[in-house]
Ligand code: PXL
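Before any questions on binding or motion, here is one chain by itself as structure tokens, the form predicted alone.
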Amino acid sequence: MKELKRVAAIHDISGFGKCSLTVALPIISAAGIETTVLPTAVLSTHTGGFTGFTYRDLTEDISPITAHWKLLGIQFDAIYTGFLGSFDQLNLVTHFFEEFKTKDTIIFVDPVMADNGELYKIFSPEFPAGMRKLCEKADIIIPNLTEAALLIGETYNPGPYTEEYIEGILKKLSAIGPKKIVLTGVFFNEEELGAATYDANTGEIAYAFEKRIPGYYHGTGDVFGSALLAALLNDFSLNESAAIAVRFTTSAIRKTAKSGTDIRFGVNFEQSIPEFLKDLKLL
């Protein structure tokens, strides 16, 4: 039996409404990877569509946790960051990278800060510059097209896109620092939706699409990112991993739409895990 790999997942926890750590932990763990969590905040629910939610900031806990793990000599095969709520957290996570990065550690950054052409309201206009600095340290980043535009300082384009446009975006993102890019929310027509990948080391660009399912579903970015990282750590290529993650996310959305689940509650990814594990050749 091969050695168990370990991920440090640095995200917030929303107690209800499947996203962030309540998505990353079960998906990555199901794929046979030890998932260590460093929570950045605890909320009663996620913030999309809910009101009256509670919020506890855990910024002050990040440094002590980092120091304790360093003292224990813990090592990670990947460090996976998601929603970070402030410049302080960006700086603390940068320090975490410095403490735990080895030549074999994948720094995997989901630059969560915007969607549908708009920066999230909790962030100041200066925040994308701070996120860009974090992305400079990454091996792989997985922005959506709104986040990509903010990272490279361009105006958001709502699409449909051309291959020429997407490939230009991918190369500009790689110029920030990361050698591998996975761009989500890519579509060339209204029938299909998926992701584009770029490996600057080889120059290879690839696409993964599935049939578009109408509607907006919360937490799908976290489902996609967690599945992508799980596939990479199970030794699939970047292109294969993106295709697996697109299929898994689409399957979860399809099941959610069919069941009529309140879209605020997140997608029914649990019901798609057996398919996902078969895709990973773990079943």
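All residue numbers refer to positions in the sequence shown, first residue = 1. Since we're looking at a predicted model, the values are computed, not measured.
The discussion below concerns the form predicted together with the named molecule, not included here.
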* Applying a 4.5 Å heavy atom distance criterion, does L58 contact the named molecule in the predicted complex? -> no
* Asked: Might Y120 be said to contact the named molecule in the predicted complex, defining contact as any heavy atom within 4.5 Å?
  -> yes
* Any non-hydrogen atom of V267 within 4.5 angstroms of the named molecule in the predicted complex -> no
* Is A9 close enough to touch the named molecule in the predicted complex, meaning at least one heavy atom pair within 4.5 Å? -> no
* Asked: Out of the stretches listed (62-70, 25-33, 218-226, 233-241), which one is close to the named molecule in the predicted complex, meaning heavy atoms within 4.5 Å?
  -> 218-226
* Asked: Do all of N144, A148 and T184 end up near the named molecule in the predicted complex, with near meaning a heavy atom within 4.5 Å?
  -> no
* Selected contact from V93, V112, I107, A196, since only one has a non-hydrogen atom within 4.5 angstroms of the named molecule in the predicted complex -> V112
* Does any residue in 24-48 get within 4.5 Å of the named molecule in the predicted complex, counting heavy atoms only, and if so which ones? -> L43, H46, T47, G48
